[in-house]
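Shown below, as structure tokens, is a lone chain in the form predicted alone; questions about how it binds or moves come after it.
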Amino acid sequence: MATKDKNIISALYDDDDVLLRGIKDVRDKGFDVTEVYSPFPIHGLDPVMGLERTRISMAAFLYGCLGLATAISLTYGMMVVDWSMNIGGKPSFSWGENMPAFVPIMFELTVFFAAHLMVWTYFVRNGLYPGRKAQNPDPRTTDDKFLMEVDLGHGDKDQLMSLLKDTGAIEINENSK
């Protein structure tokens, strides 16, 4: 199966507000902005790029539910089934009657599972793993510059180049991926 090379035009900016306006103008002309590299998060970038809202909060909720279920089964198994103890006259045969004592454990495991599994979800979702080669096309974007990559597709290269220059790009490069 042959892979088709994409013709990517990279535009370097030195201001995030100029970059946001540039992305809006480029998308309004029908070009596809495939990636933006930035030294810090840019507020409002996702809607301007047309990205859908992330579903990561649903994953956090499910991970929290998994932590809560683990805490409930752990406390039930330890304190009722396996090693029931009479502590302070509390009945040891029912998890429901002892549940208020288990609230801190349930809370901590809910937060623990949600936080730790979210980190791993972030790593997997973004392809971050040890030994992976860096994919940043311009090291200046880790310091003070912003890079927008536009897929030329079947559009006019000269029109895109002049559009990027008009939007305030300080440097424009062409490369294939």
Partner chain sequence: MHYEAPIREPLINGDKSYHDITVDVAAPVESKAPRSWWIVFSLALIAFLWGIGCILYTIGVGIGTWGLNKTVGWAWDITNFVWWVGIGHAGTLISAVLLLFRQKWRMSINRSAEAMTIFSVIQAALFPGIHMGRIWLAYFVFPIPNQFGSLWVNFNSPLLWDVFAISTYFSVSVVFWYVGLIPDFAMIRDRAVRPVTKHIYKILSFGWGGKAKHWQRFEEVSLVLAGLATPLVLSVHTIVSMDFATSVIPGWHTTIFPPYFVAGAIFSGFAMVNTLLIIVRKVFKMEDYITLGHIEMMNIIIMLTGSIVGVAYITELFIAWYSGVEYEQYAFLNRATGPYWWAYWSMMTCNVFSPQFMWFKKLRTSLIFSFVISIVVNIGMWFERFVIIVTSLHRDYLPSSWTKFSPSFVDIGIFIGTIGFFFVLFLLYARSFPVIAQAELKTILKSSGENYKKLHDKDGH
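Model, not experiment: these values are computed from the prediction. Numbering follows the first chain given and starts at 1.
Below: the form predicted together with its partner chain, not depicted.
In the predicted bound form, the residue from 12, 163, 20, 9 that sits within 4.5 Å of its partner chain by heavy atoms:
So the residue touching its partner chain in the predicted bound form, by this definition, is 20.
Given that the partner is absent here, does residue 28 sit within 4.5 Å of its partner chain in the predicted bound form, heavy atoms only?
No - in the predicted bound form, heavy atoms of residue 28 and its partner chain never come within 4.5 Å of each other.
Its partner chain contact in the predicted bound form: residue 96, any heavy atom under 4.5 Å:
No, residue 96 sits far enough from its partner chain in the predicted bound form that none of its heavy atoms falls within 4.5 Å.
How about residue 66 - does it come within 4.5 Å of its partner chain in the predicted bound form, if we only consider non-hydrogen atoms?
Taking the distances in the predicted bound form, the answer for residue 66 is no, it never comes within 4.5 Å of its partner chain.
Is there any non-hydrogen atom of residue 151 lying within 4.5 Å of its partner chain in the predicted bound form?
No.
Go through 57-80 residue by residue and record those having a heavy atom within 4.5 Å of its partner chain in the predicted bound form; state none if no residue qualifies.
Those in contact are 57, 60, 74, 75, 78, 79.
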